[in-house]
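Next up, structure tokens for two forms of one chain, structure 1 and then structure 2.
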Structure 1
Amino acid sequence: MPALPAALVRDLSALLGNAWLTDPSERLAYAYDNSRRQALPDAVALPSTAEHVLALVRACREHRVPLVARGRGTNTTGAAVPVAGGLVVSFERMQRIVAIRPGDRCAVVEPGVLNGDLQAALRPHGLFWPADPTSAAYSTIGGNLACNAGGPRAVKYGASRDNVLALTAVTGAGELVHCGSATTKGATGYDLQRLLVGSEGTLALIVEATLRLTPLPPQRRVLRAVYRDVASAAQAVARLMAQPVTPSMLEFMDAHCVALSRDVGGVDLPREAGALLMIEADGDAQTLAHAVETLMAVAGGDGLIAIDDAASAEAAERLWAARKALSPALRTLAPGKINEDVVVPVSRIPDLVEGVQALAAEFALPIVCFGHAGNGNLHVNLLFDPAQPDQAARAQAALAKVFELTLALGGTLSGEHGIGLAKREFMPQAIDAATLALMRQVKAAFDPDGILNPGKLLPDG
């Protein structure tokens, strides 16, 4: 990889001063993300204003140097890894909450604000921003928007894309654009702000976001329902989603997960459990009990073994124990894990889980499924020992089959993690050639020289 052009280094170090990092040990901290891939950037820029970002992109465009936007590197697909070298643009110095406007139910933030910090600032106003990835405490709003991050609450409140009103961004052409307006309705020209959400820094760098906020429900209460098999749990999911009391979370665990929580995690769960649902309702003191009753009635039916209602915080903690025991228990099975986040229509969940179990048998690897059942968004975890090359190869082969199965069921590759490097090669199976070609043309409209996060999301043409 050639070193950066001297003129670029001179101009940007003059612009950024101590926010321009070139020391290899400093750069190393920006070389990886949670995908365990890594590639050293040629330099790291820590802009503190939109003007910095604009100057950075313009200078890089002049010299055709790649830029990779970075929040806190929590993403799992390699989307933040600078595989083509160039600059990493880390937004850690742009973490101002510019405004919270409770009367308009919106907040204006810089991209480097942590999701958790925003939620804490919103709480006194009785508001929240719905996207709640597991990483919320240490992932940024900009990163959440770049990946269209979701989480369990998305089933009722939507993911990142559903909760953005306006974005200010710098395109790959070095233009500052203002997309959308701070209103909850709009039909004024093309909807560019939702297009930017999920584009993984390949179209533009977000420098300010106006987020749609939701009133915080005062109370929540959780049910744990255990089913004989996946089919009856999936039927319950479909019933739960087809009636008006939408659960605020609707999480699924397959038989493997239940067994792990019980046998490794020590959680009290029946031996004959073939699937488990965590069903949460939210609301106020006057109506929550009725919502819980409704959900409990709807969750019942053929195949239900047991249903538990957590009336107190301690009881809720006991019920969530099954879910919390899962991640540590998975590690006892194998040190390596590929965690995918495929999505299928809710009615196809049983086919997905059954198909995945057939693949587990075929490739002689444990594969477990859990996740956001109300959206059909399951985390398929392929477990293997990376020290055993044959296991790693089998896991990769099985992964390709998992995607094939998902697509055959009318689903898609990713629900909330994105594509990045990890799933790029599978894009031609998910999206036909004409649509991919259109995506490339859209990319060219935003980033004519291809300097924004090259080698990500879209497969090579």
Structure 2
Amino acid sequence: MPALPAALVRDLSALLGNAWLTDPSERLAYAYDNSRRQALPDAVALPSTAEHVLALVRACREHRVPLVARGRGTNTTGAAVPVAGGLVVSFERMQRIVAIRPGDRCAVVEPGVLNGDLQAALRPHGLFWPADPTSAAYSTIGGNLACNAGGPRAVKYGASRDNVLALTAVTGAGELVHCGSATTKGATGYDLQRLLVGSEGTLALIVEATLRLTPLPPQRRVLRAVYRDVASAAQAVARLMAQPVTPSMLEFMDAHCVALSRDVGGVDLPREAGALLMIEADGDAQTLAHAVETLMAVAGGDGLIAIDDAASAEAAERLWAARKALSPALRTLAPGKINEDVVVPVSRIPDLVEGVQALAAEFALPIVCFGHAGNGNLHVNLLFDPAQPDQAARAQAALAKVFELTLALGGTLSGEHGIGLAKREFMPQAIDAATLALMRQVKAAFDPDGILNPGKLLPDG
């Protein structure tokens, strides 16, 4: 029997029936996320209504039992791992699309709705929700909101936080709160819905979200720009984002990624390519041609080997598929991987890429960069063999230097993965003491007994 108070077990078992899981084999499925960290919860609850969630939080607060919210476990920072034991609340049974309101350009959804399922439901209405992480097909809206997921389209359309209008949530104090409204303008009090987005389940559990929708663009064009080296590509990114035509996607790949896309993904790319930019423009027929012409001109310059349209829709899809497969494909280069998603001002991307290359040489480890260059958000992947203690130690030392470099360039620790367990020790370097103290006060106001996702995001002290 789980190490939980008998009264709590009795009450929640009666409330949830077969949606209350205590068998060790069942609990194990909720013990880990995509960070590959693991900790067994004492029990798992599968609520199907907001009333269930309210009862769960109130019971856990009464008995001082930790509570960790979970979507589908795609998080890479350990944010969904129940390191303090207690209860995992999985939202897999709260997956209703409550309403799609094309006239208001909004949708009302429960947190367990898959991002991909929502996009499919919106398509007949000519709409989409802009957040599109690599895991969109199997990550939940609640999980996307918890870590402020972005994806390639964030460069033009914004991340999750920019596309949420209202939230209903249960605070750690066991109160049901409603934040925001289904309007695109509002000046009525504090902007609490944006505060909850990115809070990683440490302040409240989202039970319903009203999302801001965007019309699907009628046409898209994908450009592929191949460069001699990463410095040339990084300089092109800075130029592209300094001119008026905003690409709908702007993705960067270094030489390692180009080789993987060619040799593993089957994409036709020249052997001499040292870096690649994938540039997408969208719009109507009248404006798209001008946008593509402008982007092609600006992407040119020193170091450019070739720039062209993806030859067909199938070729464009193959290129995007290879980009989305990069993260798992990196394990063909080394069995161990630390994947961080640092962000710098776009004008400092050349400095970030140059600095990361220098760190790779200093620590004698492959460090692979790709990601959402239009936002200054690069995925820096440190590759090593965990079976070699010296390599593992060098990887950790290099990681600290990557964060140090990022902050020195005016950047921040995470663009879309969040902090979780993986980066909380670095928070005092990124955020001053007074601001951290204010964050702890906010946490205490929402979660006075500290039961929601303890040990995550905020450092001790």
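Since we're looking at a predicted model, the values are computed, not measured. Basically, rigid core = biggest C-alpha set you can superpose within 1.5 Å across the two forms. Each residue is numbered by where it sits in the sequence of structure 1, with counting from 1.
Here are two forms of the same chain; which is the form predicted together with a further copy of the same chain?
-> Note: form predicted together with a further copy of the same chain is structure 1; the other is not.
Exceeds or equals 2 Å, Cα of residue 185 between structures 1 and 2, core fit = The answer is no; the displacement is under 2 Å.
Superposing on the rigid core, do we see a C-alpha displacement of 2 Å or more at residue 77 between structures 1 and 2?
-> False for residue 77: its C-alpha shift is below 2 Å.
When the two forms are laid on each other by their rigid core, does residue 263 show a Cα shift of 2 Å or more between structures 1 and 2?
-> The answer is yes; the displacement is at least 2 Å.
Upon rigid core superposition, what is the positional shift of the Cα of residue 272 between structures 1 and 2, expressed in Å to one decimal?
-> C-alpha displacement of residue 272 between structures 1 and 2: 4.9 Å.
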